[in-house]
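As structure tokens, one chain now follows by itself in the form predicted alone.
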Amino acid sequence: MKIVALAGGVGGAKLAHGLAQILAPEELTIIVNTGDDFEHFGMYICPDLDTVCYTLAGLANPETGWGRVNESWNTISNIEKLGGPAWFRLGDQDIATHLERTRRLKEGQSLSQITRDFCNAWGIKHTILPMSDSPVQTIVDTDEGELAFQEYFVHRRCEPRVKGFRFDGIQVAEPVIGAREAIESAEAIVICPSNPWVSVDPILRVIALIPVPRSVPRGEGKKIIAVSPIIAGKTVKGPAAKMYAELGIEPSALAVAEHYRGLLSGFVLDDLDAHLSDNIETKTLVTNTIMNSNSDRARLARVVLHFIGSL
């Protein structure tokens, strides 16, 4: 079974890793959000892309889900001591990734080519693609004005009240080479439990499953499954539930399903939200979606793949 997974953030990386434990390298392509990429200290940083890569490589910090395991913090600690900005916590190993990526980008190499080389160096066999080689910047409209995503998410700790989102560069961004081919040959697309607003929507727009501006989805003819990142009205990690509430939408698995209305063949929600299943317009699967361990990730991936086969 050939699968394309759409992922961003820690939850998306976990399910992508679960799928990678089960599917052969030629059966899985992971397309990752790059809307939260930004420049910091002159380095080009790809938070979602690095989280997915580190997770599949077994290099991710198991406590946070992001950054590197067994990390040291000498550089950022000394920057802070000298009075520099230390709000974005960059570990020493992580900095090496950003420095080498930036060097290669300045030489004219594409982000997808660099990602492929990094995956080879880290022993990742499955294909991980950034959604585009062109820059896309997620802008969060808040009650304090517009903020770049990392300024809102990390520096301001999601404190400003959200009013909406904009993706600068999305109109001209093309999918990377191999993305369309992977989608065309896949039996199904799995939308991992990532933030629908800022992790998944940018990917969907770039790969043209939803048009810009958003109106009628274009997912006909392909099985598309989404796993809810919201459980019992809350997110395991990240600000998705807070964003829904501030946009006037009660945060729930039902709200996530409504977000993808017209696009899905099936929707996966947690046991705690079983009572919402009858209100969802597409076919549903109710299961334990919590992923506290590698075996949990593989278990959920198996359940999702079986669900796809039953559709």
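All figures in this text were calculated on a predicted structure; none of them were measured in a lab. Counting begins at 1, following the sequence as shown.
Although it is not shown, the form predicted in complex with a small molecule is what the next lines describe.
- Looking at the small molecule in the model of the complex, residues 27, 122 and 130 place no heavy atom within 4.5 Å of it.
- Contact with the small molecule in the model of the complex, defined as any heavy atom within 4.5 Å, is confined among 111 to 119, 226 to 234, 174 to 182, 80 to 88 to 80 to 88.
- Though the partner is left out of this view, residue 47 does reach within 4.5 Å of the small molecule in the model of the complex, counting heavy atoms only.
- Residue contact with the small molecule in the model of the complex: residue 152 places no heavy atom within 4.5 Å of it.
- When contacts are judged by a 4.5 Å heavy atom cut-off, residue 36 counts as touching the small molecule in the model of the complex.
- At the 4.5 Å threshold, heavy atoms of residue 94 reach the small molecule in the model of the complex.
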